[in-house]
Ligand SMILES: Cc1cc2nc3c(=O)[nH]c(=O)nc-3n(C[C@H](O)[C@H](O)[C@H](O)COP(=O)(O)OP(=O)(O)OC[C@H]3O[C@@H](n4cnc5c(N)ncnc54)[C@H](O)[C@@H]3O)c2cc1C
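In structure tokens, the next block holds one chain alone, the form predicted alone.
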Amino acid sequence: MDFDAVIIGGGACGLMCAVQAGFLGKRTLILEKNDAPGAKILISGGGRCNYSNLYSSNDNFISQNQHFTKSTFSRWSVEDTISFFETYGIYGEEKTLGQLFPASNNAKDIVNVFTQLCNELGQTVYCNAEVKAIKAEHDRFDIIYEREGEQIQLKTQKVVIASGGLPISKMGATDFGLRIARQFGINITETAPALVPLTITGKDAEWFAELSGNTVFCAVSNDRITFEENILFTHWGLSGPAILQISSYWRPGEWINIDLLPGKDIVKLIMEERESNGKKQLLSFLSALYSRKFAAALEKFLPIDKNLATLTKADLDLIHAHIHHFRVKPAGDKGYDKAEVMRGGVDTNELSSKTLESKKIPGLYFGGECVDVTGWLGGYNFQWAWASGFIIAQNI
């Protein structure tokens, strides 16, 4: 009972929660399963950590309750994130589509801010500490954890579950947060990998595999949303930012539409070109728009050996259909080990939107990825982690 709260998980949410609690004069203990805190922070963005997004808003998140995050983001905004890190020497540089990275391009700098602040504020962090059980007893919790071969029991009045989601198992990810929620009768919204590459099987698989390594700027859509970014062909199917984005909205059995030339009209471009160069082959024309390898691969669908002048209306209709409405039906996804985040999680209807405390179990809080709040690719999930950690800290 020496701590105001025990935080399970030393990732983005848990670290922010501990630091913000420390600013308020509260003492917390972080129990982290790995041998150091911030494991997922360190690998994010290729080791550079895309720690927020300038354009982050409630609309960039998926949840069964689309309005749940409004209260949290109204009290911890992108500006708050920027100000917090600038106070401790981390200045952001904007990359594609509002993505913020540390000017140093080093994720270690982000983690160091939290570890140093925890030390200065007297917040305790135990690493290699795996929680085995949590029991609620009257107005307190009993936590049993193992550390250095010893099993330890402690008591606390407040518990924060900030243990992340199911991706990525090699970083120590488990279903701990979901198990604890179920143990206390808290509903779980169905979970699935999100921001994850999609697989292609069957007769088209070889065509995709042969294009492995090629990227194309596209508009990828389903009947719910559209993303304009690069796609990447892989040995197993499709990846790249646009595919990762749409994967969060994709459901097994659904088709996705790929516009291979967004914002332009392929037929109009062909008609303009053939007025001055009707003898040009379609292959040469397409090679100016895409890589030569990708243009040549379109032979599977288009008459690329024809000259532009000899293309019929039927040919032009075919070209328009395949360039602007290239339809793909993924077989599945690459699973949690290749996913950046988890979709679904602790049902937001089970939590107070103002405090993130369980409505059923007083003193039990959930934040970060284990909650049914899933952000887009590009720093949005970190913004939720910082914000939820801040909100919980105000209330423990």
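Residue indices: 1-based, along the sequence shown. Computed from a prediction, not measured in an experiment: that's the story for all the values here.
Keep in mind that the form predicted together with this ligand is not shown, yet the notes after this line are about it.
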Counting only heavy atoms and a 4.5 Å cutoff, which of 125-133, 309-317, 76-84, 252-260 contacts this ligand in the model of the complex? 125-133
Answer with yes or no whether Gly363 is in contact with this ligand in the model of the complex, where contact means some heavy atom within 4.5 Å. no
Verify the contact flag for Val160: yes if a non-hydrogen atom of it lies within 4.5 Å of a non-hydrogen atom of this ligand in the model of the complex, no if not. no
So, Thr174 and this ligand: in the model of the complex, are they within 4.5 Å at any heavy atom pair? yes
Any chance Ser56 has a heavy atom within 4.5 Å of this ligand in the model of the complex? no
With this ligand left out of view, choose which of Glu357, Asp333, Glu340, Asp347 has a non-hydrogen atom within 4.5 angstroms of it in the model of the complex. Glu340
For a quick check, can you give me the residues of 362-386 that have a heavy atom within 4.5 Å of this ligand in the model of the complex? Gly367, Gly368, Glu369, Gly379, Tyr380, Asn381, Phe382, Ala385
